[in-house]
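Single chain ahead, by itself, as structure tokens, in the form predicted on its own.
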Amino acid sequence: MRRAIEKVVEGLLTVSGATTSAIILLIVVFLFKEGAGFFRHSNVENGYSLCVSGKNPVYRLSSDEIKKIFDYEIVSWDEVGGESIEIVPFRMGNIMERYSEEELGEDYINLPAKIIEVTKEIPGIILFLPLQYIPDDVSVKKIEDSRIDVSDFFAGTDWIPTATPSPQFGLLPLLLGTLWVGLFAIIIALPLGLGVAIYMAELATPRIRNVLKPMIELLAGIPSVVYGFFGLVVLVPFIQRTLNLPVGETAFAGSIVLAIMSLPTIITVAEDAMRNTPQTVREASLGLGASHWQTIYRVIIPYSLSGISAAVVLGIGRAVGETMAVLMVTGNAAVIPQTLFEPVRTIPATIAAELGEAPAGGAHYNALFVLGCILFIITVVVSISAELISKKRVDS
């Protein structure tokens, strides 16, 4: 009977492990599947196209060129491979201003003819039009649809997914914002966390440890939105006043909040790893004449390095993946940070803020899944790096 029960329990545990692994695998596959669809989208807003004069030799434009043309940063066709003619951007609103409702007709039936007319009149024109109004005439040439370029995404410096006619999906400001905030959060949290862990594991009396440990573990259970409120109400105004900044919502505020949130994880895991050092190892070190401090940094810390590495990884994971608190205190400006005292936007905050508004299946929707893939890859790289460092130290 006992053997049968053990078999049943073993089978349940096997099924549970297999189910969990399958669910994780399916989530990862779904994430990358949705993200891969992003690079199949056109670099022009869905349902629209760009048109130029049939005599214009330009037949393709990149996302960056389209943006600069409609922002009047590129003003001549020779800058994009055409003739030396002034570029005249036209949108639907410009057509409506040029012609009266009577001239356009009911349901804009005469709009294609008017587009032909204005294209012949202005050789350097570029029109941003809905597909159904583009005339079938040799005098009007459609710019070839180009897919969103991988280099434009990974090297792009603008994240403006609602821009027209060409949405801008530049990863750099979001990636640098994430790394900027996470890096400084760990720089702040790691020495503090390890210091407290060493104190609790090796120096604190049982009475003090029994008081501190529940308090630190309680910090880990506080919802991130509470940390965000604390940062927004207390920390942000303090930073703004103290450093005389235009705004207090900065990468520095985000780093401090994330450091506070990471501390309980780093302290708890590192302290448990140190306390698991065998007593015989401590006694052997002391027996050879080492002081208490020498035993701590020459014996206990190297012996506990695997657990300390796990604490670091979990702390970095908390810092890189945190959403709500960062969303509230960093200012959400999708710009490349130059200093720690500027507003930034992180990848998790971008996903949380924009996913609800992105049309399912659209370029913006798929771009957010690509951001999720990048966040997943960062976490995996951090975990593998910490594991390799830990093994190298242990082997040496």
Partner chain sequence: MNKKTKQGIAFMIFRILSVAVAGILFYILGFIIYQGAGVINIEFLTSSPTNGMTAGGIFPAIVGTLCLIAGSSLFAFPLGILSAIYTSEYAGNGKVIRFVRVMTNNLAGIPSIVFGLFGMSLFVNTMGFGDSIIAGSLTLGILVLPLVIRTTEEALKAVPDSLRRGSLALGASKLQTVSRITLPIAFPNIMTGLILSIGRVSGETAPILFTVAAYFLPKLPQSMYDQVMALPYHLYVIAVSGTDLEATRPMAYGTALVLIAIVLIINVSASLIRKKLQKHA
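Keep in mind the model is a prediction, meaning the values are calculated, not measured. Definition used throughout: the rigid core is the maximal C-alpha set that superposes within 1.5 Å between two forms. Residue numbers count along the first chain shown, from 1.
Although not depicted, the form predicted together with the partner chain is the subject of the following passage.
Enquirer: Exactly one of M324, V88, A155, M92 has a non-hydrogen atom within 4.5 Å of the partner chain in the predicted complex; which residue is it?
Expert: Among M324, V88, A155, M92, a heavy atom within 4.5 Å of the partner chain in the predicted complex occurs only for M324.
Enquirer: From the list I116, A163, A290, L183, which entry has a heavy atom within 4.5 Å of the partner chain in the predicted complex?
Expert: None of the others qualify; the residue that does is A290.
Enquirer: If we take heavy atoms and a 4.5 Å cut-off, which stretch out of 219 to 227, 126 to 134, 147 to 155, 74 to 82 is in contact with the partner chain in the predicted complex?
Expert: That would be 219 to 227.
Enquirer: Please tell me whether any heavy atom belonging to P343 falls inside 4.5 Å of a heavy atom of the partner chain, as the geometry stands in the predicted complex.
Expert: Taking the distances in the predicted complex, the answer for P343 is no, it never comes within 4.5 Å of the partner chain.
Enquirer: Please check if Y199 has a heavy atom lying within 4.5 Å of any heavy atom of the partner chain in the predicted complex.
Expert: The answer is yes: Y199 has a heavy atom within 4.5 Å of the partner chain.
Enquirer: Could you tell me if G47 has a non-hydrogen atom within 4.5 Å of the partner chain in the predicted complex?
Expert: Although the partner chain is absent here, G47 would stay clear of it in the predicted complex, with no heavy atoms inside 4.5 Å.
Enquirer: Although the partner chain is absent from this view, report whether Q294 comes within 4.5 Å of it in the predicted complex, heavy atoms only.
Expert: Yes - in the predicted complex, heavy atoms of Q294 and the partner chain come within 4.5 Å of each other.
Enquirer: Check, residue by residue, if S16, M328 and T379 all come within 4.5 Å of the partner chain in the predicted complex, counting heavy atoms only.
Expert: Spot residues vs the partner chain: full contact, yes.
Enquirer: Along 16 to 34, which positions have a non-hydrogen atom within 4.5 Å of the partner chain in the predicted complex?
Expert: Read in sequence order, the residues that approach the partner chain (within 4.5 Å, in the predicted complex) are S16, G17, T19, T20, S21, I23, I24, L25, L26, I27, F30, L31, E34.
Enquirer: Superposing on the rigid core, I want to see if M324 changes position between this form and the one not shown - specifically a Cα shift of 2 Å or more.
Expert: Moves: no, less than 2 Å.
Enquirer: Would you say I95 moves its Cα by 2 Å or more between this form and the one not shown, aligning on the core?
Expert: The answer is no; the displacement is under 2 Å.
Enquirer: Quick check: A259 between this form and the one not shown - does its CA shift reach 2 Å or more after fitting the rigid core?
Expert: False for A259: its C-alpha shift is below 2 Å.
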